[in-house]
Every structure is written in structure tokens, then in C-alpha cells.
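There is one chain below, alone, in C-alpha cells, taken in the form predicted alone.
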Amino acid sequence: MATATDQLVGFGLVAFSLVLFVYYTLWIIVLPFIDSDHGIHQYFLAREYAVIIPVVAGLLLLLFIGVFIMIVMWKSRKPAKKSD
């Protein structure tokens, strides 16, 4: 069974993901249909960042996965046997 701390951290991660999803969805789907002089636009970044941020995040994720696999493979490497 998960401890209270584990449950709290899990709840925090789920809440953060939900807020991020709602923000991004509003930014990409709803905001184009609202007039550009409306005050809600001040709470969102420029539209270029809607593509740049996910691309950079995806590249960083691939980089970290590659580095992790490289480290695991390097640590599990067996020393070469010397033959006489």
C-alpha cells in the first residue's frame, strides 16, 4: 500500500498534469476564436511557443532516454576475458 507521502506526490503530479493540459488546450484550441484585443490573451504566450515548447520537451525526453540507456548498457558491460 502506498504511504501518505506517495499519495500526496501522486496527487500533485496528476493535478499539475491536469492544469498543464487545460492551459495548453485553451491556448491552442480556444484562444484563436477569441478576439486578439481581449484581456485573456495576456495570460498566454505567443503562438510560436505552442510548437517550440513541445518540440524542445520531446527532444529533451529523447536525449534523457538515450543517456539512460547508454549508462545502463555501460554499467552492465562485462569485462572481456583474456585468452592465453
Partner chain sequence: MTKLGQWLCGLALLGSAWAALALAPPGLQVPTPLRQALLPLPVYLLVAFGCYSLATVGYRLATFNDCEEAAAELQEHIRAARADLARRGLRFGPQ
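In this text the structure is predicted, and so the values were computed from the model without any measurement. Residue numbers count along the first chain shown, from 1.
Here the subject shifts to the form predicted together with the partner chain, a form of this protein not shown in this document.
Chemist: Of these, 51, 40, 59, 46, which has a heavy atom no more than 4.5 Å from the partner chain in the model of the complex?
Modeler: If I apply the 4.5 Å criterion carefully, the residue I get is 51.
Chemist: Heavy atoms within 4.5 Å of the partner chain in the model of the complex: does residue 14 have any?
Modeler: Within the cut-off, so yes.
Chemist: Would residue 80 count as a contact of the partner chain in the model of the complex, using a 4.5 angstroms cut-off between non-hydrogen atoms?
Modeler: Output for residue 80 is no: heavy atoms all beyond 4.5 Å of the partner chain.
Chemist: In the model of the complex, is there a heavy atom of the partner chain that lies within 4.5 Å of any heavy atom of residue 25, even though the partner is absent here?
Modeler: Residue 25 belongs to the contact set for the partner chain.
Chemist: Taking heavy atoms and a 4.5 Å cut-off, does residue 9 contact the partner chain in the model of the complex?
Modeler: Residue 9: yes, in contact with the partner chain in the model of the complex.
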